[in-house]
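Have a look below at one chain only, the form predicted on its own, in structure tokens format.
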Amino acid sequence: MNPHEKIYRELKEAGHGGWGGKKHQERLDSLDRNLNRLLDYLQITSGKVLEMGSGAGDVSIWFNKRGYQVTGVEISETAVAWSREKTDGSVDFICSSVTEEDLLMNQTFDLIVDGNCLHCLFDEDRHKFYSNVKRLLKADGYFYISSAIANNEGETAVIGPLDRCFVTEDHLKKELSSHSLICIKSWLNVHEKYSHFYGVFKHKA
């Protein structure tokens, strides 16, 4: 069983609202602050949004409530079903891997959101993820990353029940640059053992 599927089953059976368990509301408050900061910077009020790693639907639903046309991609069947239960069908939740080569063929989006998914991907899967983002992002679109990162090269930390791929901010930006995506805005939440990176990227000119 996919580890995300196992975790989402446990969270739902325990009666939690989504990822984070007992800290789900705290997570929602953080999402609200950072997504509002994102939209204040971008100054876009409509368009097509894709969430990569949509989990139990919190971020996708947040954008949908604000009038955006939203698609969420998530590998856990339980999480996808849970997301659909929370909505009236106005969000298109798809059960698939974010690394699938033919993901959402012939579609493009104004804004692609990393739903705290990137830091769960390793090695070749990270590059497949970036390739999909580059292909699915409109020429003038934006890619938003929310990712745990290392404070210093070579540092690691354990967060929750899943392995995380920890790289530094500089390493992360170089990864994106190698896929012709450049950072135009970023901010950090700094913690003692690791930090959390928020960044806005666009296609290189």
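One rule holds for the numbers: they count along the sequence shown, beginning at 1. All values derive from a computational prediction rather than experimental measurement.
The same protein also has a form predicted in complex with a small molecule, omitted here; what follows describes it.
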Kindly confirm or deny that Y8, V59 and S96 each have some heavy atom within 4.5 angstroms of the small molecule in the model of the complex. yes
Would you mind picking out the stretch of 167-175, 37-45, 50-58, 134-142 that comes within 4.5 angstroms of the small molecule in the model of the complex, counting non-hydrogen atoms? 50-58
Indicate whether R27 is a 4.5 Å heavy atom neighbour of the small molecule in the model of the complex. yes
Please determine whether W19 contacts the small molecule in the model of the complex, using a 4.5 Å cut-off between heavy atoms. yes
Spell out, yes or no, whether the shortest heavy atom distance between T78 and the small molecule in the model of the complex is within 4.5 Å. no
Any chance N116 has a heavy atom within 4.5 Å of the small molecule in the model of the complex? yes
